[in-house]
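Presented as structure tokens, the chain that follows is alone, the form predicted on its own.
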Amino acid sequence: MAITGDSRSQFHVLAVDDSLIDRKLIERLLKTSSYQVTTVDSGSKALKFLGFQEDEQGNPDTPFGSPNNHQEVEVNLIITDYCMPGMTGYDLLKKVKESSSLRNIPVVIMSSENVPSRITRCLEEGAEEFFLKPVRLSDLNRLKPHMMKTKIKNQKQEEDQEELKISEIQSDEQQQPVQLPSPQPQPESQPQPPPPPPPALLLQHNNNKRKAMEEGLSPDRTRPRYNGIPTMV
């Protein structure tokens, strides 16, 4: 497996071919077109790089190995030879399109044989293009629109998933009962003392009291006066 290109490359292409000469040729053409390139020599290695492995029940979405082995760079397109030993390019195409996690990756088939039925079968299975070898630079110019379309589609799916998460969070918050604060006990009211009388009423009360005391004294203001009781001097 070989990875070429720099980190500034916008798109990453996985090239699959059992022929070393054809693999080197497609790698050079892709580099010339400023793509980041990973090359493998079989369909099984391509699936391993993509993180794909069928489990014992044949489910096609079981991840393979550690994510660090295959997701350091995103694969934006797969270009594969049709005639390969073991797993053909058509078999690889079917595996990719059957996987829910990989089906959005565009797949391009290459072949040195111009067989119309083979070309039709690959296009019906989901291949974006079918190139006849030797692949030319003008052929690779047709790759970018497919990758751009897929990139925009993936971004839209990510945005929709993010909006769905936000909507679920807001829905959960609305369903939570609102905790009202418990009422605080009010302190018992203490009886208030009566207000003091106004100054004018207090002055009148003092005058009446003084007048009553004066009426109880004799004219010479030396002896008390008793009404109806004789006094002896």
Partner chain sequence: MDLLSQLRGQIADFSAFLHREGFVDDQFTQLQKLRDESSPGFVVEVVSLFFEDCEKLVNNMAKALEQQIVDFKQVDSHVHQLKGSSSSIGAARIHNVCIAFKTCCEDQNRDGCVRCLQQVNHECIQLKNNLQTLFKLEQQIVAAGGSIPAMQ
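Residue numbers count along the first chain shown, from 1. None of these values were measured; they are calculated from a predicted model.
A second form of this protein, the form predicted together with its partner chain, is not displayed here; the remarks below concern that form.
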Region of this chain that lies against its partner chain in the model of the complex, out of 134-142, 147-155, 89-97, 121-129 [heavy atom, 4.5 Å]: 134-142
In the model of the complex, the residue from 37, 40, 50, 29 that sits within 4.5 Å of its partner chain by heavy atoms: 29
Heavy atom of residue 12 within 4.5 Å of its partner chain in the model of the complex: no
Residue 113 within 4.5 Å of its partner chain in the model of the complex, heavy atoms: yes
Touches its partner chain in the model of the complex: residue 102 (any heavy atom, 4.5 Å): no
Within 76-105, the residues that have a heavy atom no more than 4.5 Å from its partner chain in the model of the complex: 83
